[in-house]
Ligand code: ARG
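Presented below, as structure tokens, is a lone chain in the form predicted on its own.
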Amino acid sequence: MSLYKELEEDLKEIIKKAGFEEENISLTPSNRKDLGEYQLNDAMQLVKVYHNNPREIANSIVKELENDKRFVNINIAGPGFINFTLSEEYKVEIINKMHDNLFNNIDKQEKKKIIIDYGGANVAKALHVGHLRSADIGEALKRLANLVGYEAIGDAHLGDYGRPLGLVVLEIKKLYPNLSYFDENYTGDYSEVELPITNADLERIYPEASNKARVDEEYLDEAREITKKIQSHTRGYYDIWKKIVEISKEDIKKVYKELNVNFELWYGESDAMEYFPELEKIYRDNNILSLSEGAEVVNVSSEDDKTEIPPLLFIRTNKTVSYETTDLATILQRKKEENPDEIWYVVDARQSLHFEQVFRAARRAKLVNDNVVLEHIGFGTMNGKDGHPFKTRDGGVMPLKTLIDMVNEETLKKITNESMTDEEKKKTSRIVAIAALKYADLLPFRGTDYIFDPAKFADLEGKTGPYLLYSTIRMKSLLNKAKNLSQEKAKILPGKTEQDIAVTILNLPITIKRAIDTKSLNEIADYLYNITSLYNKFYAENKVLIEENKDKQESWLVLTKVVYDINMLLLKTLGIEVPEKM
């Protein structure tokens, strides 16, 4: 139980001593700091039960609060809002408990297993800026879920089974028609057949093939036939597809690794298709499929719908399966292999209709139990200064590698530490660039679009990732310089800024709860900036290393260590690495 929750439980007992029963304490940080640090609104709620004047109820509670040394500046505002400030002694106690164990102020939730579907990279295509938010938000949500005690599993869910792969194989066939993969008479082992294709080739081939398919119907039909061969495991075509997937996957892994994004599962759509025969049987046995213009669909509409929800396409007219169907097969796969309590899909908000169809079709066939949560966690787009989705100068979709390089150019300008070698500066700059990208990505509420400005978000001042890194490194440096000084226990917190930091530390569980409830990381990003800014204010006001009052000095060092530990924990939760120096 967190320190904040313990305080709420103690307040519940204090209210009980005052003669009132209240299960849900409404302790909230005050917006009126002139009245106190916290507000207790329970007197207003207790009126409904006890029918007393709210101010009389508040007066009774205040009398009990006055007997507790943890509370000072106790007052009643308005009809019965109780305000109070925490005593210096209690704040010192908070800091020491956090110094003993950071997890003294983190509430653990009831255990449950969650699969988080994020990333969604398409094989044989370059990762682009559109993949960034899914990766950043999904990874941070997974880490946050594990922090509060859930068992969260990340699945990359690679797009490796649809028409794009058919287009890529077709174009390779056009370029290299004599490859053994396309020779019907070849009986050898395909694992020994060399494929003269690199990932860079694949990233070039797909756009070329896609452009051809837009203007050449015959080319598109041929790609459809090859897609069908891949999905039916036709010898040669299926084997070249497997090699393409492996080549592309290795590069995808490198990019995600640089972003500090780590998946426990590297499944693709194709892995779920092992369950397609069982899935199809479920839908046929329950008479859920119906014909529509030669295709087979699942009706997912409801009488309560305010807008039309079209049927889910289950099997296309050419007998290939749809993207929706692979998602249904994936749900069945996850049920069979992991049996999760919840499945979260961290995908662009513009895919909301797709997930509404998939979830309804899954429920209709009872692919999961009724109590299993299926949730689409949508997000907005990263936009350029023109307010439109971030693009290259020629108007194309910007590769993610290019975006990282662009930010790295800005962060490299900020690394001016003369004690660092050029190689160290380059390595540090990449870490800082990723921090700039990730923090900017997670700072706004996930559902909103935002404008990304590389120069602004790479700045060492303001609400940026580099600012947090620089400040955190400075805390570590201070602690290292003071390693011969006592750093065991806080004794006093005489200054207002130190006390404000203590209150912010106590409020950590509120931030974590809001973040997990809204499934957005903006609360944590804001908290990091606020506590770091408070600490920097304290740092500017005091000369810790040369302070003559040893009680003050030790207390300040303990406070520094707690803030440093919180920063490191929350930055790690956001997937942000901290370099050794900047």
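For every residue, the number given is its place in the sequence shown, counted from 1. If you're wondering where the values come from, they're calculated on a predicted model, not measured in any experiment.
Below: the form predicted in complex with arginine, not depicted.
Pick from 321-329, 492-500, 507-515, 188-196: which stretch has non-hydrogen atoms within 4.5 Å of arginine in the predicted complex? Every other range fails; the passing one is 321-329.
Which residue among Phe182, Phe355, Tyr267, Tyr90 has a heavy atom within 4.5 angstroms of arginine in the predicted complex? For this set of options, the contacting one is Phe355.
Out of Val347, Leu141, Ile114, Ala272, which one falls within 4.5 Å of arginine in the predicted complex, going by heavy atoms? None of the other options qualify; the answer is Val347.
Since only the chain is shown here, I'm wondering whether Lys438 would be in contact with arginine in the predicted complex (any heavy atom pair within 4.5 Å). It does not: once arginine is placed as it appears in the predicted complex, Lys438 has no heavy atom within 4.5 Å of it.
Is Thr464 near arginine? Define near as a heavy atom within 4.5 Å, in the predicted complex. Thr464 lies outside the contact set for arginine.
Quick one: is Asn104 in contact with arginine in the predicted complex, heavy atoms, 4.5 Å cut-off? So Asn104 does not count as contacting arginine.
4.5 Å heavy atom contact, His131 to arginine in the predicted complex: Yes, His131 sits close enough to arginine in the predicted complex that at least one of its heavy atoms falls within 4.5 Å.
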